[in-house]
Every structure is written in C-alpha cells, then in structure tokens.
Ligand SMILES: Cc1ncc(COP(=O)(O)O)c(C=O)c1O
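Just one chain follows, in the form predicted on its own, and it is written as structure tokens.
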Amino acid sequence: MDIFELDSAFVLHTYARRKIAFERGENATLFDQNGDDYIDFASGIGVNSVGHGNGRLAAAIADQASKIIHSSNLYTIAIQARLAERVVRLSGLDARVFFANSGAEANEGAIKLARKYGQNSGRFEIITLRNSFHGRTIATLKATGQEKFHARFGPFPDGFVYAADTEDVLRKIGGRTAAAMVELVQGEGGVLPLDEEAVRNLAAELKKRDILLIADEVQTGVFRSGEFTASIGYSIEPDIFTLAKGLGGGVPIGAVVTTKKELFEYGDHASTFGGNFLSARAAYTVLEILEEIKNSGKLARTIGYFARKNGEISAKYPRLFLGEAGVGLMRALIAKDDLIQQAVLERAHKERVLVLRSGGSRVRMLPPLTISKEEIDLGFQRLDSACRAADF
C-alpha cells in the first residue's frame, strides 16, 4: 500500500482529502512528496502562525522535549505560569487563564464558566449568533448557529439560543440568560466582521444586565486580526475570551481567559494535557516571535500589503467576485455563487496556492503571520492564474 491507500484503509473518513502529502515547509511555502512547492495562504486553518520550519520554534520544542514533555497539572509547571502571565499582559485584562488542548475545549470551558456564573440565579442559557462556529463537541456544536452542523448528532444539551445579529441578542435576553458568545469576525460563517459600534453597544448592555460576554477568539486571536485579540481592536473587555489555533504554532493548545478569576474552584474543571511543558513552551515562543513583529511594525505592513493584493484580485475579476472582506490576515474573496467558489478553489490547488472554503461563497485566506512579501507576490500570481482559468 502507498501512503494514500493506507490513509483510506485505516483513517476514519471524516475529511475529503486531496491526494497530496506535505513533507516539509519553509515559512509560507510547503513542499509535497514530489518536491513541488505550494504557497500556503491557509496555514493549517489559521494554526501555523509563525510559518513552517520556524527555527526558533523548532529549537524551543526540541530543547523542551529533551528535558520534560509532561508531568500533569497536579504539579506546578513553570513555563505554563509564564505563558499565562504573558497572555494576561497582552490581553490588557485583570484575568487568569485555563489551558486546554483545542478551541472546542476552550469554548467548552467558557460555557462551563458561564453556567456556573448563572447557577445561583437559575440562569444557564447562552445566546450565540447565526452563522457562528464554536467547535465540534456536542455542546459547542449546539452552540454553533448553523443548522447544517446539527444533523445526525442529537439530542443536544439545552440552553442555547440563536440571534440574527448583535441587536437581536438584546431582544433574545430572558430570565435564564447567563451569557452571550460571539465571534467578532465569523470565520467559518464567511469571514464576516461584526459592526464595531453594535459590538460596543452590546458589551455595554450586557454589563448593565450582569450577563457575561464571551468572545470566541479561537480564529481571530494571537495577532490574526492585527492586535493580540480582536476584542482589543473593538475596544471591548469581554468577561471571557478563548484562544487556540495560532497559539501553539502547530502544537495543540487552547486557552480560556477570564476576568472572573475566582469563579472556578478546585475540581471544577481539568485537562490532562492542557498547558503541559511542551505545548506551553511552544506557545510562549510563538508569542515572543509575534509580539516582536507586531511591535516592529512588520505585522501591520504585511497586513496592509496582503489586503491590497487581495483587493486587486477582487477588482480584476468582477465576473467572479462581489468584493473582498476581512480584517488583519483573515481575508476572503466574495465569490458570486458556490459554483464560482468551487471553481476558484479547484484552480488554486492546481496552481499550487492553498486557500480555504468559507460560508457565503467566500474563498478564505489565513496565511502565516510571518509570510514574506515575496511569498505574498508569488501566491497572488498563482491565485491570479487560478481566477483567470475560472473566469468562464
């Protein structure tokens, strides 16, 4: 059996995989089993925030692995404590952190915090937005405001209410409402940034009513939006926010950050692997790298250049696209329909530039935050060729 036959025979068929196996990478460039190069505008769905083969991250992981990888959270983990301090400092909040393994687990932790917060007053409902995506566990799947994700997996836990937009959240508040959970930029839902004024109004109203605001920053966090969190860019202070994806640069780690520092008590929540030596060291190194490029101005320059190139593609092919959308290095081309979206995705793959599907016929891009100007240029050259071929 070759590797593709082995994959088909022994791995559960939950992904419609392409027959390609990457073997190595250099920043935003990947190389497959044949040595062909691909420009990566996807970064493992927003995960490889410092690119592929990053020397500093690799050295930190190797050094940590040679000492200790895991001891469990029954003991103090020094690098986890330092990572928590850095996350809190970057957030600008007076908060504490719980570390998990993924975005779905982080959102589960946020849901548990909200449920405990409302327990004494009989409040347990959490309002989420239509087109949202919060994870694949049973609770986070139900929190996701897209019916297509709910088929075949019920019954689901009670306590989730869906709102059309931020103003509708306020209309949906009732006597059992404990929290509202929002993605400030909906990723899977179509790279849709929420209106800034509406979000600030929502945050103020929730605070008045003693209802928690949870910001799902799994995709927008860790400088993906240009700031450490999208919440900073929106000038709000959520009671809880969650991180994952880009935090470990490819090493699985998630985080629940909350200003309700005393809410969880001993035994309320746990994770065997969460924030262990290896993942915490990786995440700490990722934040070191990204804070440096943020403070130097390089990240802002990269965002500006990438957004300009994306806008040029959109304007060049008006028969394909209605425009472009997004913030930071979380961008999309808005295809006119799903057939065009699919055609662009297929042609992009053939031209060896990796892009992603998103809701609302969007072609989504989440490049490494360290992507070079040369990689951006080559990626958009290839995407231009893909669009030209798809412009039927």
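Just so we're clear, the structure is a prediction, and the values are computed from it rather than from any experiment. Quick note: we count residues from 1 along the sequence shown, nothing fancier.
One more form of this protein exists, namely the form predicted in complex with the named molecule; it is left out here, but the text below deals with it.
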Subject >> Contact of Gly103 with the named molecule in the predicted bound form (heavy atom, 4.5 Å) >> reply: yes
Original post:
Taking 4.5 angstroms as the cut-off for heavy atoms, does Lys245 touch the named molecule in the predicted bound form?
Top reply: yes
Subject >> Any non-hydrogen atom of Val222 within 4.5 angstroms of the named molecule in the predicted bound form >> reply: no
Original post:
So in the predicted bound form, does any heavy atom of Glu188 sit within 4.5 Å of the named molecule?
Top reply: yes
Subject >> Contact residue in the predicted bound form, chosen from Ala110, Ala283, Ala143, Val218 - any heavy atom within 4.5 Å of the named molecule >> reply: Val218
Original post:
From the list Phe133, Tyr234, Phe98, Phe228, which entry has a heavy atom within 4.5 Å of the named molecule in the predicted bound form?
Top reply: Phe133
Original post:
For the chain seen here without its partner, which of 191-199, 317-325, 152-160, 133-141 has a heavy atom within 4.5 Å of the named molecule in the predicted bound form?
Top reply: 133-141
